[in-house]
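Shown here is one chain on its own, the form predicted alone, set out as structure tokens.
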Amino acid sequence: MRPPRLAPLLSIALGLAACVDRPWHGIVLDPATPAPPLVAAGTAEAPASRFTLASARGSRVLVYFGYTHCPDVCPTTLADWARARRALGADTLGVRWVFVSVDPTRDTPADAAAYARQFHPSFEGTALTDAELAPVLRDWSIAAYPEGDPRTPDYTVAHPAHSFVVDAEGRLRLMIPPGVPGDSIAEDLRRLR
């Protein structure tokens, strides 16, 4: 009696294993829903220029709500974004990285733009004004508020710690928790095509 030939069986097993979905690194929002509107003020140099999420349609967009004086999660998250951008290499076309400040007392759109560009020149930054903040917080179902006395220079701002990922069709698809490595963020973005 001849022993069974293992090569064809091994080949079939490996093929089946490749078909199994890998887990996502971010939290999948299923069903995907249209991303809420996001409109933020322009810079002092170009006050008429405003960031709108609607203008980013056709791109995958990472949105992070933070503030420029953040001592921990904001710089860590944007550093992870920079590593993800490097990991994507040529795949960065069609990906936008948007930092939105929720600290209207201290951050101007120009401050937020300069802060984001410290991590990578392609990163966009903008800031919400007092008038813009309340509807964005409501529509995105997030909270952001000063902790401590905002009349003092050392107050902090409570804000979401995760990044939102909007797909090219304008749907919220993922929330990426803080601490997800850049390579893993890049992997999730590749899968969102």
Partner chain sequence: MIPSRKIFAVCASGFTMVGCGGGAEVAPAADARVADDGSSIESVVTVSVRDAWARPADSGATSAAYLVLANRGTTADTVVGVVAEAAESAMVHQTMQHEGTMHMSALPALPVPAGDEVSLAPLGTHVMLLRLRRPLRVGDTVAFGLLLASGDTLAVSAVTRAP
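Bear in mind the structure is a predicted one, so any value in this text is a computation, not a measurement. Numbering follows the first chain given and starts at 1.
What comes next is about the form predicted in complex with the partner chain, which does not appear here.
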item	value
Full three-residue contact with the partner chain in the model of the complex, heavy atom 4.5 Å, for Ser122, Ala186 and Leu192	no
Exercise: Gly26 in contact with the partner chain in the model of the complex, heavy atom 4.5 Å	no
Heavy atom of Leu133 within 4.5 Å of the partner chain in the model of the complex	no
Contact flag, Pro178 vs the partner chain in the model of the complex, heavy atom cut 4.5 Å	yes
Contact label in the model of the complex: Leu53 to the partner chain, heavy atom within 4.5 Å	no
Stretch from 53-61, 154-162, 123-131, 28-36 whose residues place a heavy atom within 4.5 Å of the partner chain in the model of the complex	154-162
Those residues of 59-97 which, in the model of the complex, come within 4.5 Å of the partner chain by heavy atom	Tyr67, His69, Pro71, Asp72, Val73, Pro75, Thr76, Ala79, Arg83
